[in-house]
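Next up: a single chain in structure tokens, the form predicted on its own.
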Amino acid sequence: MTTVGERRSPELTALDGTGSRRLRLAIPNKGRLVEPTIELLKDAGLVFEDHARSLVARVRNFDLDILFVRTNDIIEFVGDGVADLGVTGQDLLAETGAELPRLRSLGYGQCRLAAAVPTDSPVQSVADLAGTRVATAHPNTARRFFANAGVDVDVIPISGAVEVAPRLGLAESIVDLVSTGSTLVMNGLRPIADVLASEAILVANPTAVVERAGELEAIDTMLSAVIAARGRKYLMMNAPAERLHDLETLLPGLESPSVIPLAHAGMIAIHAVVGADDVWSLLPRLKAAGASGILVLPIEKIVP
């Protein structure tokens, strides 16, 4: 049997020039998490070549190597210490049962594991599945879910095209990943319960958390600064000083807004950070409270 250690490429033995191994981050080489993960890393300021050319991308401005590996291998790589960090889905971590430190949710790849049955099925709840077969690509997670619910089912492990299992007579229901729910509808299925919420997460090797804490914290800070900024906008506006109190009550930001006196007596400039989802409902209220010349600007990074 080939182990992770035996699968290591010579590229994985690279040192940083001082005799110390460079930090390693494992990310998927295929699938829905690839593009948003690369975008996050580049938005964080990491400079590296396109992953299609090699298993390993060497980051030029930080002592970090990015390993592009199969999604199902990432947790194993991190657990075995081949990689110090990894980007994976919460559903995959739960399925393996690996006890890896979860450093951060990354804000993308949101989906859920859901139990679903054919649209014309009489089943209305999880309890109604007692004694039936459930097909899934997440058998360990499904077994835990039904065991916790006190419902005895026969879990049928299946890989790929889980949603067709009821139609083929393999099972009476499924547990599968759902994003928008359109795939369920297309296959004549309806959800009856959520099993697990999932999104992309950053996990770490337990030993690295202790021995390389400073380096891991630096990477986490880079990523968290981008993630925090994505949910915020920077507002700049002019207003009469006498309206400051009214405007300040409308600006629930990170802290109190910055207030700068302007050349014209009685006028001020107000700068504030607000939630991106709040901007468009906030603008008419700001104008009504006396604000003018309002600018809405993107934020690249926020470091608390």
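Please read these numbers as outputs of a predicted model, since none were measured by experiment. We number the residues from 1 along the sequence you see.
Below: the form predicted in complex with a small molecule, not depicted.
S.K.: Note which of 225, 178, 216, 155 lies within 4.5 Å of the small molecule in the model of the complex, where distance is taken over heavy atoms; exactly one does.
M.R.: Contact check passes for 178.
S.K.: Quick check on this chain: which one of 33, 235, 41, 251 has a heavy atom within 4.5 Å of the small molecule in the model of the complex?
M.R.: When the small molecule is considered in the model of the complex, the option within 4.5 Å is 33.
S.K.: Quick check for you: of 124-132, 86-94, 73-81, 225-233, which stretch puts a non-hydrogen atom within 4.5 Å of the small molecule in the model of the complex?
M.R.: One stretch meets the cut-off, namely 86-94.
S.K.: Given that the small molecule is not shown alongside this chain, does residue 105 nevertheless sit within 4.5 Å of it in the model of the complex, heavy atom to heavy atom?
M.R.: Residue-level check for residue 105: no, no contact with the small molecule.
S.K.: Is residue 221 a contact residue for the small molecule in the model of the complex, using a 4.5 Å heavy atom cut-off?
M.R.: No, residue 221 stays farther than 4.5 Å from the small molecule in the model of the complex.
S.K.: How about residue 140: is it within 4.5 Å of the small molecule in the model of the complex, going by heavy atoms?
M.R.: Residue 140: no contact with the small molecule in the model of the complex.
S.K.: My question is simply whether residue 166 lines the interface with the small molecule in the model of the complex - judged by any non-hydrogen atom within 4.5 Å.
M.R.: Residue 166: no contact with the small molecule in the model of the complex.
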